[in-house]
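Next up is one chain by itself, shown in structure tokens, the form predicted on its own.
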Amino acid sequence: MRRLGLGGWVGLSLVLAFVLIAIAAPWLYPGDPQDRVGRALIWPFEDPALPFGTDRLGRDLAAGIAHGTRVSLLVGFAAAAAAITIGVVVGSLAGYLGGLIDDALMRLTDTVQTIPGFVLALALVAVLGAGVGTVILAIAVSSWTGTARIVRAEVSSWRERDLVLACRAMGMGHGEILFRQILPNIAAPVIVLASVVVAVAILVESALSFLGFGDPSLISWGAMVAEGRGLLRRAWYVAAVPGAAIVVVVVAISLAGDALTRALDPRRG
């Protein structure tokens, strides 16, 4: 655990804090976070009951941040889980089976990678319609290729090792060898990559919401930034507060991911 370092502990602590905020949001700020609670454009710390102030409609920015945390973390972790699952399945099949299946799956991966991830996610949301489920699906579909390539390379390197050859000699099936012997041994780089996918998913969700492609029934940090972009000269905090939340959570996840890299790699101190 010493290998986590100060940055790792800070990142993990911040991620845990955001998770707790997301869980406690309904109790911290009951009711609809989009309800009007005071006059418009109260500056941060001007009113002790409204520590982050209000927006142009008199909505509590602190309540928006707390409830927006739920959306951002839900989308981030769910999209990452889906993307990692797709990538592991595609990469495992390509790396273990090889041959024509490997070629076909890698050509599919190349095809998806030729389209910028955000553009693909934006196109899917535009076609399928706004909604949390659609956003999660769009981000997952546009984010699995990196995992697939890493898993394919790792599985290919393990396919002819003595452990796998011994398992074959013992009569173990391909599925058992792959899921019980190979995948547990390559879990470390996949876990580390998952933190990157979570951070990217949060950024993509925020960007989609900023452009108006998020779920209109839910409050989102990206939508809050979009709400404040027309007030940058006279009330810049309306956009800066949710923008700062996005930056902090992404940096925290990045620090936590770097800490996991050190903790899971015995060659790093």
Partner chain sequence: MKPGQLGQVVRRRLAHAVPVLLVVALATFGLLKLAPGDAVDVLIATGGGGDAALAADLRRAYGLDQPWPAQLAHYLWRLVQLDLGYSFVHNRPVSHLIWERLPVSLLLMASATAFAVGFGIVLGVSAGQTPGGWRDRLILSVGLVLYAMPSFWVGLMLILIFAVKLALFPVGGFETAASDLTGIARVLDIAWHAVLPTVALALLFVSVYLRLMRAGVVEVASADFVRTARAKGVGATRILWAHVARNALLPVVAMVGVQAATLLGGAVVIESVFSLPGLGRLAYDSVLARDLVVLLGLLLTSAVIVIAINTVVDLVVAALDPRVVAR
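Since the structure is predicted, the reported quantities are computational estimates derived from the model, not experimental observations. Residue numbers count along the first chain shown, from 1.
Just so it is clear, the following notes concern the form predicted together with its partner chain, a form of the same protein that is not shown.
Of the heavy atoms in residue 28, none are within 4.5 Å of its partner chain in the predicted bound form. Heavy atoms of residue 16 never reach within 4.5 Å of its partner chain in the predicted bound form, leaving it off the interface. The closest heavy atom approach of residue 73 to its partner chain in the predicted bound form falls outside 4.5 Å. Within 4.5 Å of some heavy atom of its partner chain in the predicted bound form lies at least one heavy atom of residue 233.
Remark: none of the three candidate residues (77, 84 and 135) comes within 4.5 Å of its partner chain in the predicted bound form, counting heavy atoms only. With the partner left out here, its partner chain still marks one of 47-55, 221-229, 30-38, 60-68 in the predicted bound form; by a 4.5 Å heavy atom cut-off that stretch is 221-229.
With contact defined as any non-hydrogen atom lying within 4.5 angstroms of its partner chain in the predicted bound form, the contacting residues in 195-214 are 196, 200, 203, 206, 207, 210, 211, 213, given in sequence order.
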